Each structure stands twice: as structure tokens, then as C-alpha cells.
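Here you get one chain, nothing else, as C-alpha cells; it is the form predicted on its own.
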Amino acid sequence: MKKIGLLLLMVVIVISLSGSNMLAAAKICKLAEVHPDGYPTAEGDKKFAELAEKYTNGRVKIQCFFNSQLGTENDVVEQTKLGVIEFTRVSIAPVVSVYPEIGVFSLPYLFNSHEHQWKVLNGPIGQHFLSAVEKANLVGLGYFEAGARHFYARKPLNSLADLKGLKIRVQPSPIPVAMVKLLGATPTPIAYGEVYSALQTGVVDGAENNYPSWVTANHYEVAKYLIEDGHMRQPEILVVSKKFFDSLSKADQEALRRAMREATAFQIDAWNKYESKMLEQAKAKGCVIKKANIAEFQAAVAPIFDLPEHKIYKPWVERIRATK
């Protein structure tokens, strides 16, 4: 009996130690997001965090921080490179500063439709860039939908001519700056969280973004005139610190990739529904939306593809446009 009792005690100790080791192995991580909770990319973040915990059997637990709680997009990209933050969901634009080649996705009128964009992103070109950001100590896990971007302002926008001379807020990235200059406006790089006050006080006359950002950030309250030109279909990207990713087992690395694939499908669906809702909300608030003459916008920005500093993009532009 004593031997049986001792054996049971040893079994209990082993189980207890195993449980402790499992708890000790759980990694509590941060995920940075500039948008508010409830925004489609934030919903995609939460789905990714939920699935990551599920597929790693609790070994990776992710806390999402919304509304730029951990800093601007440029700030969190730098912190993720260093491993201070494990995950961040950002626009392509701030990643350009650490890996310039990915800027090709920021070029205007690169994609001709939502379907074309996702064929590229899900194909070898998109996967190349997810792998290539490792040069910047980041690992690309996948993309999120961000819709098409349009110009909006404090004054009516009926055509390209109405942009002339306006101070337009752009993302702090070279391509949007060059694009707005070619359109005859003055580019003004400002962090996303500062755009509302800049519009309200007249520091800038207008900005450019997708419908959900225009509405959820309340930009439509102070810049109610939008011209629907769809100049950019710039995807969002979710990256993880290479330092952190390399510390994971191969199984957990694959679990994160699987979680992101499923979160992407979830987020695209959430985006499409949310975009329609935001458009109707803007119209109900009296916002004025005009259809642009796309051809005149395309002609105005065409020289951007031939700028010397954009030579690195040329082979990719040709491959992207050839994707059917």
C-alpha cells in the first residue's frame, strides 16, 4: 500500500510540474493597432489573437491595444523591429521606411479592382513581400483589407481642379507625398491621430483615406466633401517581431500563420459590411460625395512610375499589372 501511495504521490508531483511548465511556457504578447475597437482591422486583430491562442494551445496569448495606445504607426513598427512589441497591424506606408521595396503597394492606381488586388496579395508576389520584410527584422504574417482611398476636404471637391493648391494630409511616406504633388496640391505629412484637429483648425484643407477611416475618426464632421477617385488600394499588413517569431517552435510559427489566414478571410468580410455602413452614415450626415473622372487623375499621377527613386518598383509593377 505504501508503494502505491508513493507512486500516486509521484504522479501528482509530475502532473503539477508539467502544469507549471505549461503555464511558464505561455507567452503574453502585445499587438498594436491605431484604429478603435470595433473597426474592421481591430476585429481582424481580435480574431487573429483568438485563433493564435487556440492553435498554439495557449502558448501564445495576445493582448490587443487599440487607438494608438502604444504609439503611432511609425513608432510601433520600430518597437516591433526591436522586439519591444511582438505584433503590430499597420498600413504599408510606415513599413516603407524600414523596407522600401514594399512601397510598390502604395503606388496609385496599381490595382484595377478588389479582386485583382487579392489575386496579387494571395499569390507569389504578395507572399514574396511577407517573407522579404525579414530584412527589417519583421516577419509578415498576412494582409488585411483596407478598401480604396479617396480625397476629402473642407471645401467642395468636384474635379481634379478643386485639389489645386490645397494642403492635403498624407501618410508620412514618400509615395503619397509625390502623388499629391503631381495632383497640384501641397502634401502635409501628419500622424493619423492628429488629422482631426489639423482639419478642424485649418492646418490642412483636406486628407485622403478610405470610407471607414473618414467616418470613425470623425474627419467627415470637419471635411464633409469627398471625391471618389479610388487612387490607392493599399493593403494593411500584420507583422511580428522576427526576434520573437524565431523564439517559437516551428509548430507555433505555423499555428500563427494559420491563425492569420483565417483572420484575413474574417476581416475582409467584416470590412465589406462595415464600409457600406459607413458610407450610408456619411450620406445621412449630409456629406457630399462626387464621382471623380478617374482618367484625369490617372493621367496626372502617371509620371510617378518614372521617378528615379521609384526605379526599384518597375519590375513589380509590370508583374502586378500582368496578374489576371
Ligand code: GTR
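Since the structure is predicted, the reported quantities are computational estimates derived from the model, not experimental observations. Numbering starts at 1 and runs along the sequence shown.
There is another form of this protein, the form predicted in complex with ligand GTR, and it is not shown here; the text below is about that form.
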ask   = Does each of 35, 210 and 236 have at least one heavy atom within 4.5 Å of ligand GTR in the model of the complex?
value = yes
ask   = Is there a non-hydrogen atom of residue 90 within 4.5 angstroms of a non-hydrogen atom of ligand GTR in the model of the complex?
value = yes
ask   = Using heavy atoms and a 4.5 Å limit, would one call residue 86 a contact residue for ligand GTR in the model of the complex?
value = no
message = in the model of the complex, does residue 80 come within 4.5 Å of ligand GTR, counting heavy atoms only?
response = no
request  = Decide whether residue 150 counts as a contact residue for ligand GTR in the model of the complex under a heavy atom distance cut-off of 4.5 Å.
outcome  = no
Contacting member of 111, 220, 192, 245, with respect to ligand GTR in the model of the complex [4.5 Å, heavy atom] = 192
note = Here the chain appears without its partner; judged in the model of the complex, the stretch of 245-253, 112-120, 153-161, 168-176 with heavy atoms within 4.5 Å of ligand GTR is 168-176
